[in-house]
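Next comes just one chain, in structure tokens: the form predicted on its own.
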């Protein structure tokens, strides 16, 4: 069964970005639950800002699961990436992601590495940057496995990274570098930019796809752009995908409307 999920940003330092709900955890959980979402995905400033016991009680109260935790604050707030030329920065990036993996694992949820992968910067050889990325993913994948979860790696569009932009390149990277315990995130917004055929790419990536981000072509909630999700939905069912389809989209025109639109579109494509 494919499950629905809404994103919640709990980072006071940011005021805009592709998250459905903002700042108020319990209010967001209550609204998501009232609409029938199965889970939420959390974007937090650090692992320390959440009390695990209190958060678990809230999730139980509203009958929701934690689908995943994002690590992007490591870059947005602290400027940390796995491909920074400075080894001390890479070390701090790994430590930050380790802490987020531990947080997610307390709920049986994986952590996502998206923006913290970084870029090939001027003066750095591309192969060297890819080696740094591979080393980080190998180490963090083993760490995640030791805590009983997987790690999620997200190919991003060309305007956000010059490392890995498509699912196919992501699969090849994981295979060629023998990176274990790491799966891929199929983000439909990034894929709309980079993939010739989103459904075909997901099908060829098969079991490597362990999380899906659900947004329209303009990154508004699904149903507010020109993406056709019918083939994507069909191929996810065909490959027997049983994970979450998580709305990482702008809260347009507001959180409540964005969540309502998302669950309507999700049910249209995945619950019929």
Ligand code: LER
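Numbering follows the first chain given and starts at 1. Everything numeric in this text was worked out from a predicted model, so none of it was measured.
Beyond the structure shown, there is the form predicted together with this ligand, which is absent from this document and is the topic of what follows.
- This chain is displayed alone, yet in the model of the complex one of 198, 137, 171, 156 has a heavy atom within 4.5 Å of this ligand; that residue is 156.
- This ligand is not shown here, but in the model of the complex it comes within 4.5 Å of a heavy atom of residue 160.
- With a 4.5 Å cutoff on heavy atoms, residue 219 counts as touching this ligand in the model of the complex.
- The candidate stretches are 148-156, 121-129, 100-108, 163-171, and the one lying within 4.5 Å of this ligand in the model of the complex by heavy atoms is 148-156.
- Along 243-259, a non-hydrogen atom within 4.5 Å of this ligand in the model of the complex is carried only by 248.
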